[in-house]
Structure formats: structure tokens, C-alpha cells
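As a starting point, one isolated chain is supplied in C-alpha cells, in the form predicted on its own.
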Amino acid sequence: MAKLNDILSPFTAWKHVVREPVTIKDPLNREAADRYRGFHKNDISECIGCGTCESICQNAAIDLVPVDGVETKDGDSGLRPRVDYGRCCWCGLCVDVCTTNSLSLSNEYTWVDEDPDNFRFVPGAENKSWDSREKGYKKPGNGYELYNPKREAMEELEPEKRDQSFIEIVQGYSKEQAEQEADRCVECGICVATCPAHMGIPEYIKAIRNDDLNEGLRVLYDTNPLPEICGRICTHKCETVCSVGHHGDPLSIRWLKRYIADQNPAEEYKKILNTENLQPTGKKVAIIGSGPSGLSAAHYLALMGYQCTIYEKLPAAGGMMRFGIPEYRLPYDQLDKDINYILSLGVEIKYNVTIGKDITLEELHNQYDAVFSGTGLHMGRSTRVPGTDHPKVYQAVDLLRDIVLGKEIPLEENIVVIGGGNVAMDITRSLARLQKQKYGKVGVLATSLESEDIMPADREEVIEAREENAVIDPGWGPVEIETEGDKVKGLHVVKCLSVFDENRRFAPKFDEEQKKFFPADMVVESIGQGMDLSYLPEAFKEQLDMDQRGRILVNDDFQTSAGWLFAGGDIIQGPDVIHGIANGHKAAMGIDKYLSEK
């Protein structure tokens, strides 16, 4: 039975009939509230065209469009949001989700125009009267975000637990951590353009959120057949442009990639990736080198039905990934997980075979329909300062290779490493471990031309080296390695003021008055690597198109001027793993195109 109140309540509205209405006499000139949501403003110099505003708008009122004077570059799509006020409801979600805080709403609410098309405009690119207004709606401060600005911490072995062994340092994400980190992604895709392999980063992160790791693996393998490897040692340039990183920590893209690969068992790969029944073409391709570019090319060629044979000079596959990167960064069982899957596709590897010695390039040409070369950079470069010809001066790449091969390497109590890149940090940290095992203490110092803020090594590598008691003293140029008979006494250096000139050309400048001497019983050079193209006969090399630095020139398909010979990896572009993977993939498609047209 209805209550009397419920019956009479609608009639109470009649009391307003006799009240005097409130009328704003001049509504068009009345200033709105300080945080009123009016027309849009955008600082186009801060905006990166990530498209989060476009994605979140449920009325489809925002489109990204090109703007004169705004160029596409790493971390910036070159596009800017255009707002359609025929659709906009002024909810402000576009402002709330903006990763750079460039987008805001003024408190202006009147705009009179005879042309309705003018109500579609690009804020910041088209001058409006409200551009200079400070009042309006901005993303609130005090940690108000639609996503967590802090990344999930990655667990690592503590320095005192890792400084005497080569066991893996990074522990990997748990399911809960991975899903929390994946939830921070705004799916803008800015990272995709910066990745050399153009991986589907938002898609595989979405797969983690959806707890569909099989789909995540399929997305990874579309563009990258080495996810366990890349999930550990990729240079992750994608993270440097992550839009979330503009006002927070960038997404841990590399670790999320690793999480997907770690959680999928190797024995399930062929079923998940639907590669159990590949159809052969009857054509054969020879691949020189089993580094990232060679393995990548072999993988994608095998998927297309080509019989691939890899010729490897060393006794195990992986190239510099195995013989140049310490096991504490890239465990061999995870390296082998990626490689063994590629072998399961029918790829064959012939080990301990040197091209030009055990079999010639011409023989490969005659026996195969096409040849791909991805021989990498295995030769160390020298500073060539006085003393570098001493027997106790070594190359980092040689020592790293010997460590993997199980050879006993020379090891003194005081060692100086010359170099500031990741290879320099790898040998520094490897020597520190071996010193701790042999002498019970660390006595290795690394120095470089570059000051610490521009050292090419990953920042985490420098931090971890110091945690392991190695000394990093950057910003010094080698002058001479002092020797005395069969002994090394140390390294003389002078202060490096700058490494590059105004045109970014290598042209170091020094202050000869600022000097240092680093005592050492052994010196290791790690200033870069060079290529070994000795497998190319001189007469053939003369026929190939090459640049002034001696690099082989290739077209967009990574095809050389010889036609049947393709090349990629560090001898063409890099040096890093992800460029090699991308090169190998493109070369595989180029080889398929070449053989399909024959």
C-alpha cells in the first residue's frame, strides 16, 4: 500500500510556479567558473600525438591529423588531436588520460561562427582567443592518474649474492606483477615505431592483461623469433619513448616480453604458433652465422617453406648473444630455448665451419638458391696508443668468448678496462666475478672517453657494476699504457672535454693539463668491434657495392649488388640484437621475393 507521502510528493513541485524566475541578463559575457570545462587547449610542443585522447573519447569527437611544422620522429607521431564540437560532450576524459599533460580545457564557453565546419579545429595549431586563459580544467595534481605512474619493481639478486657467480641476476615478473605492469599501458603505440622490429607491443601487453599468454606468444613471433633473448638483453629503446614515462616511469616493455616467453613451455610452441605442418618449397637457402640476424632469417624462411642451413664458425649457436654476453644477463638455457624452436622448424646448423676455409662462398652459391650473411662484429678494435701491442693488453670480445668456451683466461689483481659501452661493462663485471673467486676481492676499473651522462652503456649496467665493487671512472682519454719488460704498470689518461663536434662527428677534445694514472697489471680494450669479411674473395669483394667504411651496401630487401647474396645484422646495421632480428626478417621476405621471381 503506497504511503501518503509518495502520493503527494509530485504536487510539491507546484510551489515553484509562483516564484520569480532567475534570468541572466547578459549570459554571453558572464565568466564561467574557474574549473569550468570549456573549449580545448593543447601545447603542441609538449603533445606527442600518442592518441590516448582519441582512444578514450566515447563520442568519436577526436581525430589525430597532420599539422604543418610538426614532424614525425622517435617518440612523436607527428599528428595532433582535432576536436569536433558537434560530437564533444566536454567530459574531460581526454584531459585526464593525456600522458604529457599538454591537453586542457579553457573556461571559455561561447563561440559564434557562421560556418559549422569551423567547429572542428586543432587546439594549439589554430589560434583562439582562449589560448592565453589560465582558468579552466586541467588534470588534477596529487597523483591523480588513470594509470599507475610507478612501474612494478623487478626483483634482482642482491650484489653480495651475485658477485661471485654467473647465475642470472634478474628474476622475472610473477603473474600478479606482470598484470599490474601491463595495466599501466595506455595502448598508444608510440613504442611500435621506435622498435626496429616494429613489434606489436600494445597487443602483447593486452594479451597479458587478458591472461591470454598463448596469444601474447603469437604476437611476439609475428616480428621477433627470439623473445627469451630479447626479453632479457634488448636495448629496449621503445621504453625511452613510452608516453607514460613523460610523467612517471616508462612501462617495463622488455620484462613483459620476457614474462610471456617464460610462461609458455617450449614443447607447446609449435602447437601454439601453428607451425606443425609447414609446406616445403623445394628451395634451399644458406645462412652464414647463427647470430640474431641469421636465426631470424632462418625462422621466417622456414615458415615460408625454405630449407635453411646455417654455417657457424664456433661450436655453438647464438653468435655474440652467446659468446659476447655473460650468462648472468642471458642464461644459456633460455638462449637455447629460442634456438631449439627454430631448429624444430627444420633448420639445420653446421658447427665449426669457417667459410672461405672449410667451404667457399662460391660453393655455397652453387649449392643453394640464395645466401644470407650475418657474420656480426667479432673483432675487437684497439685505441692504438703506445703500449697496446704488449702481451698483457687484451680485447674484451676475445676474453668474453674464452669465458664461454671454458678456457682459462689471464686474470690479474689490478685490471683497467678502456671503454664505456655495454661490452665494456660486460667484461668489467665478468672480470670482477672472476677476481672475487680467485683473490677474494675486486680490483677492476673501467674508464671511457664519454662522461657518465653520455656513456653508451645502459644505465643499469653501470649501477650494477658499481654494486659489484667495480670502479667506473668515465671522462678520460687514454694516452699511453705504461709497460716495463713483460709487465704492464698502468694507463695514463687526460681529461676528455667533449667526444663529438657540433655536427656529431667523432672529434674528442682534451685538457692535457688534467692527468691521471690508473695502476694496472693488465689492460683490456673495449672501444668497439669490427667485422671480419675475409670469407669474401677479394675479386668478389671488388664487384660488390660497398661504402667508404667497408660496409656492404644493401637495398631495402637487404639484397647486395650480387643479387643472390643477402646480408644483415651488425655488418649492416646495429650493433644490437633487435636490429639484427629486424634485418633477418626483412631479408627473409626479400629472399622469398627474389626466389619467387626467378
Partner chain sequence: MQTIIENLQKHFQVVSYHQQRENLGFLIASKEVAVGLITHLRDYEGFAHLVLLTAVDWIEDEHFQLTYLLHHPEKKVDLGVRVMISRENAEMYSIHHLWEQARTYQRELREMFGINFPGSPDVDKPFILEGWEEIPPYRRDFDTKEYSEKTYFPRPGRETHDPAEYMKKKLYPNE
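A quick note: this is a predicted structure, and the numbers were derived from the prediction, not measured. Residue numbers count along the first chain shown, from 1.
There is another form of this protein, the form predicted in complex with its partner chain, and it is not shown here; the text below is about that form.
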**Asked** Which residue, Val192, Leu361, Val404, Ile527, has a heavy atom that falls within 4.5 Å of its partner chain in the predicted bound form?
**Response** Val192
**Asked** Which residue, Cys57, Leu536, Cys47, Ile572, has a heavy atom that falls within 4.5 Å of its partner chain in the predicted bound form?
**Response** Cys57
**Interface segment, criterion being heavy atoms within 4.5 Å of its partner chain in the predicted bound form, picked from 84-92, 430-438, 298-306, 414-422** = 84-92
**Request:** Spell out, yes or no, whether the shortest heavy atom distance between His579 and its partner chain in the predicted bound form is within 4.5 Å.
**Result:** no
**Prompt:** So, in the predicted bound form, is Asp63 in contact with its partner chain at a 4.5 angstroms heavy atom limit?
**Reply:** yes
**Prompt:** Wondering, does Asp398 line up within 4.5 Å of its partner chain in the predicted bound form on heavy atoms?
**Reply:** no
**Prompt:** Any chance Arg120 has a heavy atom within 4.5 Å of its partner chain in the predicted bound form?
**Reply:** yes
**Message:** With the partner left out here, which residues of 354-370 have a non-hydrogen atom within 4.5 Å of its partner chain in the predicted bound form?
**Reply:** none
